[in-house]
Each structure stands twice: as structure tokens, then as C-alpha cells.
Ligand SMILES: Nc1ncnc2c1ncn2[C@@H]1O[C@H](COP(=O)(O)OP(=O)(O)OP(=O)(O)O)[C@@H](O)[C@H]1O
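Listed next as C-alpha cells is one chain, alone, in the form predicted on its own.
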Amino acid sequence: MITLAITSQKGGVGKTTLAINLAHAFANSGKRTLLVDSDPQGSVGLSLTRQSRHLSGFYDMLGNPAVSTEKIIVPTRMPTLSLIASGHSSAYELGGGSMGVTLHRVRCFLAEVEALEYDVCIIDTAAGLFGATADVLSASNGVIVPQQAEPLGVRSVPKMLEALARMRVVNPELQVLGVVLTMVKEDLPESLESAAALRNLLPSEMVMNTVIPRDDLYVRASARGLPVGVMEEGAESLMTFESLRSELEQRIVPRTSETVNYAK
């Protein structure tokens, strides 16, 4: 199973948009895909179902071993795509907690997801590398970093990647797959210059070829609770995320049950 965390140093970089639409792209390719919202703000759930605030979810599972993974999975209209909401996360809303506090529960959770025969588990995390986010990264086998194409954010990316690389001490299987440029405006020179600056700053293999544009269609899709690829005008956007999915599949090495079994 591919376990892919999507994380960023700060909010507002298109992380949730990336998570939702990448999960849709994997599901659209025929892979059984589970999209997990581990951000206490619950952005994934709110984008796809307005009832998500009332659902039990990821943080309920972390806090109570009696909450089974299967019971908190929410099906979508797409047979290959399911969702787990963030749930009731008051104890985590400030991002508190030391790394490792919930690691065992996260690992058991992923083992249960794999046992349910999902091919891909995509986890949208809270910004920053602490608390439950650190534990998610310590149990995942791939991570990508969305980065808005704007000057100030670009400068902080190398430090973020260095911090992720250090997490491989805890999780040697974690693959830092690279940075995805988001909110790129083709008609804004500063946006294009920022994208070029990031590509010049990092090794070429650390920046995905696929870029996510800034487009009002994403806002309209979120308002309707849909991935952008299923919108009437969404064919081009679907191709964008299909391209990103293909890039990631060429880079990531899936974890198999023979490699690790955290349930034991």
C-alpha cells in the first residue's frame, strides 16, 4: 500500500486542494483510495461534506482504541474513493503533543487500512512537523510538500526538506518525494519568477514537473463539495492531477505487509 502524507510548513499553500484532487486522481485510475483528514481544522471533510463536523474520525481513533478504522470510513459517490474525517480533535487543535505520543496508534491504523485492501492512503496533515503530523510522517512511506509560488515561501523550502530528511532517522522508509508548486499564475511575472527560483534552488529531482495553477474553478468545486476533476469544466484540471499521480507512482516504493506489520 502507498501511504502518502501531504505536509507544509505553513497553511494557505493549497495543501487540502492537493490532497483532495490527488486522491481523486488515484481513485480515478482504479486504485482503492482512502483520503484521511488529520488536520484538526477538518478542511478535507468540510470541502467534501458539510456534515463532517458531526462525524467520528481520525482523532477519535487516536484517542480511543475501541474506535475501529472500518467504522469511521465514509464512502463517496466514487466506488474507489473513501474518506475519513478529522473527527473530534479538541486535544490536538493547538498542534500540541510530543512526537511519538500517538505513533503506535497511527501505525496500527495504517495496518488496518492495508488489511481492508486499500491501494493508496493519502493523509492531509496539519501544517508544521510536530504532534500528530510528526507521527503520521513517522509511519508513512512517502511525503510531498506543496509550495505556493510566491517569493517569501520559496526561501523556506530547503529547511523544510532538511527537517523531513532528518525524520528518516525515525522512519527509514520515508521517501521525501519532493515539492509541488501550487497556485501558479501564468500571467503574473512574480509567480513565474518564484517557480523558477525554487527550481534553481533545489536539485531538479526535488521539484515535481507538474504544477498546480491558481484557478477559480478550485473554489467553485470546493463550494459544491467536489474534486475539481468532476466539474463540467474540469477536464484540464483532471489531467493536471493525473500527471502528478503518474509522477508520484514512478517515484514511490509501496510498503508491503511483508516489509512491516505494525499490528503485531
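Since the model is a prediction, treat every value here as computed from it, not as a measurement. When you see a residue number, it is the position in the sequence shown, counting from 1.
Below, we turn to the form predicted in complex with this ligand, even though it does not appear here.
- From the list 62 to 70, 195 to 203, 24 to 32, 210 to 218, the contact stretch for this ligand in the predicted complex under a 4.5 Å heavy atom rule is 210 to 218.
- The single contact residue among Met78, Ala127, Ala115, Val74, judged by any heavy atom lying within 4.5 Å of this ligand in the predicted complex, is Ala127.
- Contact check for Val13: a non-hydrogen atom falls within 4.5 Å of this ligand in the predicted complex.
- In the predicted complex, Ser56 stays away from this ligand, with no heavy atom inside 4.5 Å.
- Proximity of Met183 to this ligand in the predicted complex: non-hydrogen atoms within 4.5 Å are present.
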